[in-house]
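First, one chain by itself in structure tokens, the form predicted alone.
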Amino acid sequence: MTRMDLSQFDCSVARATEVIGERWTLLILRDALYGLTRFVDFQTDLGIARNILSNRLRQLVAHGVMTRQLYQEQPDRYEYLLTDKGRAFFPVLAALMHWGDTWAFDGEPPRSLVHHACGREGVQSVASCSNCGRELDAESVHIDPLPETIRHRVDEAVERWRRLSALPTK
């Protein structure tokens, strides 16, 4: 099966998926944001096959999310450090963790983020408008411009929603 190159899409989500969308990549980034840097530490924590880990780290380096730095010679061993681009992934990971805590985990979540400055748990990533500061959700935004390939479908869905929401409730 041929793998489609998502970096050619005129869509930021598709292009981001091309960088971080492979299985294991999010967990490697999670571990790197925890502070792991060495191949053996990633491999031990994740239980991932060496060839897959090598491939994912190579891709993260190629995309500028991590850098590879020699820390030992004979044999050569490298550590993988987050770049500014990689550290900028933190809010995405925090949002994913918050979503998982809320929707994908039964019972008490196994970990929490603690803010260094105040020492308290409860860090969460919240989308907000960069102009007015208001919190955003799916109903408070729209995509502009909509891709032509889906514009008519979205218009039809919005019209259906408007008709349904105008119906009296029992």
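Note that the structure is predicted; figures quoted are calculated from it, not measured. In case it trips you up, residue 1 is the first one in the sequence shown, and so on.
Keep in mind the form predicted in complex with a further copy of the same chain is missing from the figure; the text below concerns it.
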item	value
In the predicted complex, R111 touching a further copy of the same chain (heavy atom, 4.5 Å)	yes
Close approach of Q59 to a further copy of the same chain in the predicted complex, 4.5 Å, heavy atom	no
Contact test in the predicted complex: D76 vs a further copy of the same chain, heavy atoms, 4.5 Å	no
N51: touches a further copy of the same chain in the predicted complex, heavy atom cutoff 4.5 angstroms	no
Residues of 13-29 having any heavy atom within 4.5 Å of a further copy of the same chain in the predicted complex, listed in sequence order	V13, A14, R15, A16, T17, E18, V19, I20, G21, R23, W24, L26, L27
